[in-house]
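Below you'll find only one chain, the form predicted on its own, shown as C-alpha coordinates.
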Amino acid sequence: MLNSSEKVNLSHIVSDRIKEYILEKDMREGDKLPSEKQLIDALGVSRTVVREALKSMEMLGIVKIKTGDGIYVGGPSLKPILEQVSFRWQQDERKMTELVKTRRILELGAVEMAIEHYDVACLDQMDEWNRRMAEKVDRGLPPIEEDLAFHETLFRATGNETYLELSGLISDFFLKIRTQHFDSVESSRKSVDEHQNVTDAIRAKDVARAKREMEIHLAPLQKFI
(Lines give C-alpha, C1' and ligand atoms only; values in the text may rest on other atoms or scores of the structure.)
Protein backbone atom coordinates (compact mmCIF):
# COMPACT_ATOMS: atom_id res chain seq x y z
CA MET A 1 0.00 0.00 0.00
CA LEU A 2 1.30 3.50 -0.86
CA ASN A 3 1.85 5.97 1.96
CA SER A 4 0.57 9.56 1.72
CA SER A 5 3.94 10.91 0.54
CA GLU A 6 4.15 8.38 -2.28
CA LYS A 7 0.57 9.18 -3.34
CA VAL A 8 1.39 12.89 -3.50
CA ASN A 9 4.47 12.22 -5.63
CA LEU A 10 2.48 9.96 -7.96
CA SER A 11 -0.27 12.55 -8.28
CA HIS A 12 2.33 15.15 -9.28
CA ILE A 13 3.70 12.76 -11.92
CA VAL A 14 0.18 12.15 -13.25
CA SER A 15 -0.45 15.91 -13.35
CA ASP A 16 2.73 16.42 -15.35
CA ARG A 17 1.78 13.63 -17.78
CA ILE A 18 -1.65 15.15 -18.37
CA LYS A 19 -0.09 18.58 -18.95
CA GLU A 20 2.34 17.03 -21.43
CA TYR A 21 -0.58 15.34 -23.20
CA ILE A 22 -2.42 18.66 -23.50
CA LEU A 23 0.67 20.34 -24.98
CA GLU A 24 1.58 17.48 -27.30
CA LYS A 25 -1.96 17.31 -28.70
CA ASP A 26 -2.08 21.13 -28.93
CA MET A 27 -5.37 21.06 -27.04
CA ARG A 28 -7.33 24.24 -26.40
CA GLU A 29 -9.83 25.39 -23.81
CA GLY A 30 -12.96 23.26 -24.02
CA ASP A 31 -11.28 20.27 -25.69
CA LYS A 32 -12.21 16.95 -24.11
CA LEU A 33 -9.52 14.88 -22.38
CA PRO A 34 -9.47 11.08 -22.02
CA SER A 35 -11.87 9.72 -19.41
CA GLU A 36 -10.81 8.93 -15.86
CA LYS A 37 -10.75 5.20 -16.70
CA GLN A 38 -8.64 5.80 -19.80
CA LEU A 39 -6.16 7.82 -17.75
CA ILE A 40 -5.97 5.06 -15.14
CA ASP A 41 -5.29 2.43 -17.81
CA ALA A 42 -2.81 4.57 -19.76
CA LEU A 43 -0.81 5.70 -16.72
CA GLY A 44 -1.03 2.48 -14.72
CA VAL A 45 -2.01 4.15 -11.45
CA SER A 46 -4.94 3.90 -9.08
CA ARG A 47 -8.23 5.77 -9.34
CA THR A 48 -7.35 7.67 -6.15
CA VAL A 49 -4.08 8.99 -7.60
CA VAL A 50 -5.76 10.13 -10.84
CA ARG A 51 -8.56 11.84 -8.94
CA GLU A 52 -6.09 13.67 -6.68
CA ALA A 53 -4.15 14.83 -9.72
CA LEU A 54 -7.30 16.02 -11.50
CA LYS A 55 -8.55 17.78 -8.38
CA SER A 56 -5.31 19.75 -7.99
CA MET A 57 -5.34 20.63 -11.70
CA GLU A 58 -8.94 21.77 -11.50
CA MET A 59 -8.10 24.06 -8.58
CA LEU A 60 -5.48 25.71 -10.79
CA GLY A 61 -7.90 26.03 -13.69
CA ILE A 62 -5.91 23.66 -15.95
CA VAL A 63 -8.82 21.26 -16.35
CA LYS A 64 -12.55 21.45 -15.80
CA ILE A 65 -14.44 18.38 -14.60
CA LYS A 66 -18.08 18.11 -15.61
CA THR A 67 -19.83 15.44 -13.59
CA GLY A 68 -21.42 12.84 -15.82
CA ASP A 69 -19.88 14.39 -18.91
CA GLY A 70 -16.10 14.27 -18.78
CA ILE A 71 -12.83 16.13 -18.29
CA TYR A 72 -12.10 19.23 -20.34
CA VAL A 73 -9.16 21.55 -20.82
CA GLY A 74 -9.62 24.67 -18.73
CA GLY A 75 -9.01 28.27 -19.71
CA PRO A 76 -5.71 29.99 -18.85
CA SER A 77 -6.15 32.09 -15.71
CA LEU A 78 -4.00 33.67 -13.01
CA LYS A 79 -6.84 33.95 -10.51
CA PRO A 80 -6.86 30.37 -9.14
CA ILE A 81 -3.10 30.53 -8.54
CA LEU A 82 -3.15 33.93 -6.92
CA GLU A 83 -6.08 33.00 -4.70
CA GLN A 84 -3.94 30.25 -3.18
CA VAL A 85 -1.71 32.86 -1.52
CA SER A 86 -4.06 35.84 -1.25
CA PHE A 87 -5.22 35.13 2.31
CA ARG A 88 -1.59 35.29 3.46
CA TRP A 89 -1.15 38.78 2.05
CA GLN A 90 -3.82 40.12 4.39
CA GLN A 91 -1.80 38.95 7.40
CA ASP A 92 1.40 40.67 6.27
CA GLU A 93 1.62 44.43 6.87
CA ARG A 94 4.57 44.82 4.51
CA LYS A 95 2.74 42.90 1.80
CA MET A 96 -0.34 45.10 2.15
CA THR A 97 1.84 48.20 1.78
CA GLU A 98 3.31 46.72 -1.38
CA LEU A 99 -0.20 45.97 -2.67
CA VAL A 100 -1.21 49.61 -2.24
CA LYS A 101 1.81 50.67 -4.26
CA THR A 102 1.13 47.97 -6.83
CA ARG A 103 -2.44 49.12 -7.27
CA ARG A 104 -1.19 52.65 -8.01
CA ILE A 105 1.14 51.31 -10.71
CA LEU A 106 -1.64 49.18 -12.22
CA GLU A 107 -4.17 52.02 -12.28
CA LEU A 108 -1.71 54.44 -13.90
CA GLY A 109 -0.78 51.81 -16.44
CA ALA A 110 -4.45 51.10 -17.10
CA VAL A 111 -5.27 54.66 -18.18
CA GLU A 112 -2.40 54.61 -20.69
CA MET A 113 -3.37 51.19 -22.04
CA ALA A 114 -7.04 52.24 -22.22
CA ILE A 115 -6.03 55.16 -24.42
CA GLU A 116 -3.96 52.87 -26.65
CA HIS A 117 -6.76 50.30 -26.93
CA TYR A 118 -9.51 52.93 -27.01
CA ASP A 119 -12.64 50.86 -26.49
CA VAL A 120 -15.51 53.34 -26.72
CA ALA A 121 -18.01 50.79 -25.36
CA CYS A 122 -15.93 50.41 -22.19
CA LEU A 123 -15.65 54.18 -21.82
CA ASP A 124 -19.43 54.47 -22.14
CA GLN A 125 -19.79 51.79 -19.49
CA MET A 126 -17.40 53.69 -17.18
CA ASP A 127 -19.63 56.74 -17.55
CA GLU A 128 -22.68 54.61 -16.77
CA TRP A 129 -21.12 53.20 -13.60
CA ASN A 130 -20.16 56.71 -12.54
CA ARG A 131 -23.72 57.89 -13.16
CA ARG A 132 -25.05 55.07 -10.97
CA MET A 133 -22.43 55.94 -8.39
CA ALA A 134 -23.66 59.55 -8.30
CA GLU A 135 -27.28 58.40 -7.93
CA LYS A 136 -26.34 56.24 -4.95
CA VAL A 137 -24.47 59.12 -3.32
CA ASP A 138 -27.56 61.31 -3.78
CA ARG A 139 -29.51 58.70 -1.82
CA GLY A 140 -26.95 58.88 0.97
CA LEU A 141 -25.59 55.37 0.33
CA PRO A 142 -21.91 54.33 0.00
CA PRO A 143 -21.26 53.55 -3.71
CA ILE A 144 -18.84 50.70 -3.05
CA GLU A 145 -20.09 48.28 -5.73
CA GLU A 146 -20.32 51.01 -8.36
CA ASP A 147 -16.82 52.26 -7.60
CA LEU A 148 -15.45 48.74 -7.90
CA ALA A 149 -17.30 48.25 -11.19
CA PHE A 150 -15.92 51.55 -12.55
CA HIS A 151 -12.33 50.50 -11.90
CA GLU A 152 -12.93 46.96 -13.20
CA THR A 153 -14.29 48.44 -16.43
CA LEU A 154 -11.23 50.69 -16.70
CA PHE A 155 -9.02 47.60 -16.57
CA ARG A 156 -11.26 45.84 -19.07
CA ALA A 157 -10.78 48.84 -21.36
CA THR A 158 -7.09 47.94 -21.62
CA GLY A 159 -8.01 44.92 -23.73
CA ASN A 160 -5.59 42.82 -21.68
CA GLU A 161 -7.28 39.90 -19.89
CA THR A 162 -4.23 38.98 -17.78
CA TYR A 163 -3.91 42.58 -16.60
CA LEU A 164 -7.62 42.53 -15.75
CA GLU A 165 -7.29 39.36 -13.67
CA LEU A 166 -4.28 40.59 -11.74
CA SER A 167 -5.83 43.97 -11.03
CA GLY A 168 -9.13 42.36 -10.04
CA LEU A 169 -7.50 40.22 -7.40
CA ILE A 170 -5.58 43.14 -5.93
CA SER A 171 -8.73 45.30 -5.92
CA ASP A 172 -10.43 42.71 -3.72
CA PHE A 173 -8.07 43.69 -0.90
CA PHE A 174 -9.30 47.26 -0.87
CA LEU A 175 -12.88 46.65 0.21
CA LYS A 176 -12.17 47.89 3.75
CA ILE A 177 -10.40 50.99 2.41
CA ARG A 178 -13.34 51.67 0.09
CA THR A 179 -15.75 51.41 3.04
CA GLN A 180 -13.71 53.92 5.03
CA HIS A 181 -13.25 56.22 2.05
CA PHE A 182 -17.00 56.46 1.36
CA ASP A 183 -17.87 57.23 4.97
CA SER A 184 -19.04 60.72 3.99
CA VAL A 185 -21.09 62.20 1.16
CA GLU A 186 -18.33 64.73 0.52
CA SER A 187 -15.64 62.11 -0.16
CA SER A 188 -18.08 60.09 -2.28
CA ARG A 189 -18.97 63.10 -4.45
CA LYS A 190 -15.28 63.88 -4.80
CA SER A 191 -14.67 60.37 -6.15
CA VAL A 192 -17.48 60.76 -8.68
CA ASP A 193 -15.92 63.99 -9.96
CA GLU A 194 -12.47 62.38 -10.11
CA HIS A 195 -13.83 59.42 -12.06
CA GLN A 196 -15.35 61.80 -14.59
CA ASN A 197 -12.05 63.66 -14.95
CA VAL A 198 -10.21 60.38 -15.60
CA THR A 199 -12.75 59.25 -18.20
CA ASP A 200 -12.74 62.63 -19.94
CA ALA A 201 -8.94 62.57 -20.19
CA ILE A 202 -9.01 59.05 -21.67
CA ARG A 203 -11.63 60.11 -24.22
CA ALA A 204 -9.38 63.04 -25.15
CA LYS A 205 -6.48 60.59 -25.51
CA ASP A 206 -4.41 62.78 -23.19
CA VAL A 207 -2.10 60.33 -21.40
CA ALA A 208 -0.38 62.90 -19.17
CA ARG A 209 -3.67 64.41 -18.03
CA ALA A 210 -5.29 60.99 -17.49
CA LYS A 211 -2.39 59.88 -15.29
CA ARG A 212 -2.44 63.16 -13.39
CA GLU A 213 -6.17 62.79 -12.70
CA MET A 214 -5.66 59.19 -11.58
CA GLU A 215 -2.87 60.27 -9.22
CA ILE A 216 -5.27 62.76 -7.65
CA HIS A 217 -7.93 60.07 -7.34
CA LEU A 218 -5.53 57.61 -5.68
CA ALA A 219 -4.02 60.16 -3.29
CA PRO A 220 -6.16 58.98 -0.30
CA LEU A 221 -4.43 55.56 -0.53
CA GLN A 222 -1.19 57.16 0.64
CA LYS A 223 -2.44 57.33 4.25
CA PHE A 224 -2.67 53.53 4.25
CA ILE A 225 1.02 53.10 3.33
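We call the rigid core whatever largest set of C-alpha positions still superposes within 1.5 Å between the two forms. Heads up: residue numbers just count along the shown sequence, starting at 1. Computed from a predicted structure; not experimentally measured.
Quick note: we don't show the form predicted together with the DNA, though the next part is all about it.
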Report task. Would you mind picking the one in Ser56, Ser187, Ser46, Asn197 that has a heavy atom within 4.5 Å of the DNA in the model of the complex? Result -> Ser46
Query raised in the report: Which residue, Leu60, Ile65, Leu166, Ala42, has a heavy atom that falls within 4.5 Å of the DNA in the model of the complex?
Result: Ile65
**Report entry** Proximity of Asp193 to the DNA in the model of the complex, heavy atoms at 4.5 Å
**Finding:** no
Query raised in the report: Hey, in the model of the complex, does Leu123 get a heavy atom within 4.5 angstroms of the DNA?
Result: no
Query raised in the report: Would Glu36 sit within 4.5 Å of the DNA in the model of the complex, counting heavy atoms only?
Result: yes
Query raised in the report: How about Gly159: is it within 4.5 Å of the DNA in the model of the complex, going by heavy atoms?
Result: no
Report task. Look at the stretches 140-148, 95-103, 115-123, 67-75 and give the one with heavy atoms within 4.5 Å of the DNA in the model of the complex. Result -> 67-75
Query - Rigid-core frame, C-alpha of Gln38, shift of 2 angstroms or more between the shown form and the other one - result: yes
